[in-house]
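First, one chain by itself in structure tokens, the form predicted alone.
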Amino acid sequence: MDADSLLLSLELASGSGQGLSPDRRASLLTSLMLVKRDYRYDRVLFWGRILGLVADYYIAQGLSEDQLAPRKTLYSLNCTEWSLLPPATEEMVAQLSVVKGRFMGDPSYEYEHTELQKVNEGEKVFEEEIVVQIKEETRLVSVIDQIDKAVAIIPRGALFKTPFGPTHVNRTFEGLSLSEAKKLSSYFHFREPVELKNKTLLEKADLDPSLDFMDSLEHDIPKGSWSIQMERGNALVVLRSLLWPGLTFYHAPRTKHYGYIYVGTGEKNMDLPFML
């Protein structure tokens, strides 16, 4: 959700129980304004909160003028002091696939994982147990990256792509109509396209290259991983991810108000294919 309209955004997302105390709201309003000024971001998004056993991580993201350029991620434990996180790497994500359970809430906490490695001594080959230590800060980077790639979404038309390549906020976007807002095909993944490149020329024929340049939600796997509900007498559409419980997207049809927030434990619902 956009930090410039934080209070309204939190109010629209409050139907899922994702609220903040008045002092946290006040701290976020001022601190995110300073983050935007100090780091010279074009936009700052309040991404959400990952719940820990000792403390919670509050997450914000900074966007450059090109909206699909890699986002900078920051975290805070008190909504006042923000620390920049390093970008996620494939090696980092692969290494952390073995870490399970809740976050502690301490960035310096280290998870211990035992790996078997083959060691050669002359002609003999034997396996040796090696204890690998993984910092919670590294796990935080990996989980945020996975959630962004899987369930960060925007409505169709909110961004437009220029012929020269960069993607900008569409200032003429006035919201989806009520009928469009009820369709999964009206929402896109807020990242570089993956599935779009595999489409045939015939499938791309009806697409507008300036608006339909990202992957739609309607072909997400597993099918049925999104829940769409109309609230407040059809004045608000809410999408909830069943794959990453805690991710809520909201949009008020025929208005510019939209956004998403994640409030959860940072754990993926691996059992979803068996629940549908």
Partner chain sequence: MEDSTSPKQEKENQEELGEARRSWEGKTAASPQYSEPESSEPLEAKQGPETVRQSRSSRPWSPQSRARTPLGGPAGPETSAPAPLSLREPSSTPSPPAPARQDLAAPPQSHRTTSVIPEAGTPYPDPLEQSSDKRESIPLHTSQSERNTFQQSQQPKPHLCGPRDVSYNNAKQKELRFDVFQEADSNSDCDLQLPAPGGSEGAPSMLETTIQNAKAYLLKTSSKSGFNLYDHLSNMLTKILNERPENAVDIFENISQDVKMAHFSKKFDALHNENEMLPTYEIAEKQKALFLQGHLEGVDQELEDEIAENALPNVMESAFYFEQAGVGLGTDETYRIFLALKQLTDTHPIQRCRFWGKILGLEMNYIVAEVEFREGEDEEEVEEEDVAEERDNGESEADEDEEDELPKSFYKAPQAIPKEESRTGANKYVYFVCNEPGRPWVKLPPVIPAQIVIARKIKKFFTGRLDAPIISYPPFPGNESNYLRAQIARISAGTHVSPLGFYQFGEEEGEEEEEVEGGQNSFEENPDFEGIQVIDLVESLSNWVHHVQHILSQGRCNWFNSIQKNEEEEEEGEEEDEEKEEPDYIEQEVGPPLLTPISEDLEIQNIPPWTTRLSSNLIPQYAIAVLQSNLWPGAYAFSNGKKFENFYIGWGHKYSPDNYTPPVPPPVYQEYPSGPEITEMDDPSVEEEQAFRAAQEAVLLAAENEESEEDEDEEDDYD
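On a predicted model such as this, the values are computed, not experimentally measured, just so you know. Numbering follows the first chain given and starts at 1.
There is also a form predicted in complex with the partner chain; it is not shown, and the following applies to it.
Taking S21, G52 and E267 as the candidate spot, are all three within 4.5 angstroms of the partner chain in the model of the complex by heavy atoms? Contact check passed for all of S21, G52 and E267.
Although the partner chain is absent from this view, report whether S179 comes within 4.5 Å of it in the model of the complex, heavy atoms only. Yes, S179 sits close enough to the partner chain in the model of the complex that at least one of its heavy atoms falls within 4.5 Å.
Given that the partner chain is not shown alongside this chain, does M33 nevertheless sit within 4.5 Å of it in the model of the complex, heavy atom to heavy atom? No.
Any of the heavy atoms of K197 lying within 4.5 Å of the partner chain in the model of the complex? Answer no; every heavy atom of K197 is more than 4.5 Å from the partner chain in the model of the complex.
Although the partner isn't part of this model, could you tell me whether G101 comes within 4.5 Å of the partner chain in the model of the complex, counting any heavy atom of the residue? Judged by the heavy-atom cut-off of 4.5 Å, G101 is in contact with the partner chain in the model of the complex.
Can you check 183-191, 128-136, 168-176, 144-152 and let me know which stretch has heavy atoms within 4.5 Å of the partner chain in the model of the complex? After filtering at 4.5 Å, what remains is 168-176.
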